[in-house]
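Next comes just one chain, in structure tokens: the form predicted alone.
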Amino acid sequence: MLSKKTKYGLKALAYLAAQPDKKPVQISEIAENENISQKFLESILLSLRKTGFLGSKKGKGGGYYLLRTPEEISMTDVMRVLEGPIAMVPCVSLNFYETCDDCPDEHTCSVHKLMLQVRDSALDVYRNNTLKDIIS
């Protein structure tokens, strides 16, 4: 299941991408319009800033803004930052691979085979969508 952190992060990114003037937007405005706790949103936006999706400006007229165009922000990258590994089990992860403690042989494991398909399907969706696609 999608975490609230990821859900709210996607909503905040979409809100910023939909701004016509691309000026910085205050956290309070995003939180109010997207019905997100402001304190929780602060930590999410900080993560997105630290990973290069957002910039921020302090003072009057300050707030958060996208550092890249919506077309350049891949859902694969966003999901990995907010949600962590795409794979549901570590033995099929592309970036966070680990063997499963309870599995003697990945190549004959029925769970491994199924989870490879699930991972590949999810990656296909994420790779074929950008922030622009989800706001269109």
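The first residue of the shown sequence is 1; numbering continues from there. Everything numeric here is computed off the predicted structure, so don't read it as measured data.
Unshown form predicted together with another copy of the chain; subsequent notes refer to it.
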| item | value |
| --- | --- |
| The unique member of Cys109, Val81, Leu66, Leu46 whose heavy atoms fall within 4.5 Å of another copy of the chain in the predicted complex | Cys109 |
| Lys113: touches another copy of the chain in the predicted complex, heavy atom cutoff 4.5 angstroms | yes |
| Gly62, heavy atom within 4.5 angstroms of another copy of the chain in the predicted complex | no |
| In the predicted complex, Pro90 touching another copy of the chain (heavy atom, 4.5 Å) | yes |
| 4.5 angstroms heavy atom contact with another copy of the chain in the predicted complex for Ala18 | no |
| Those residues of 4-25 which, in the predicted complex, come within 4.5 Å of another copy of the chain by heavy atom | Lys7, Tyr8, Leu10, Lys11, Ala14 |
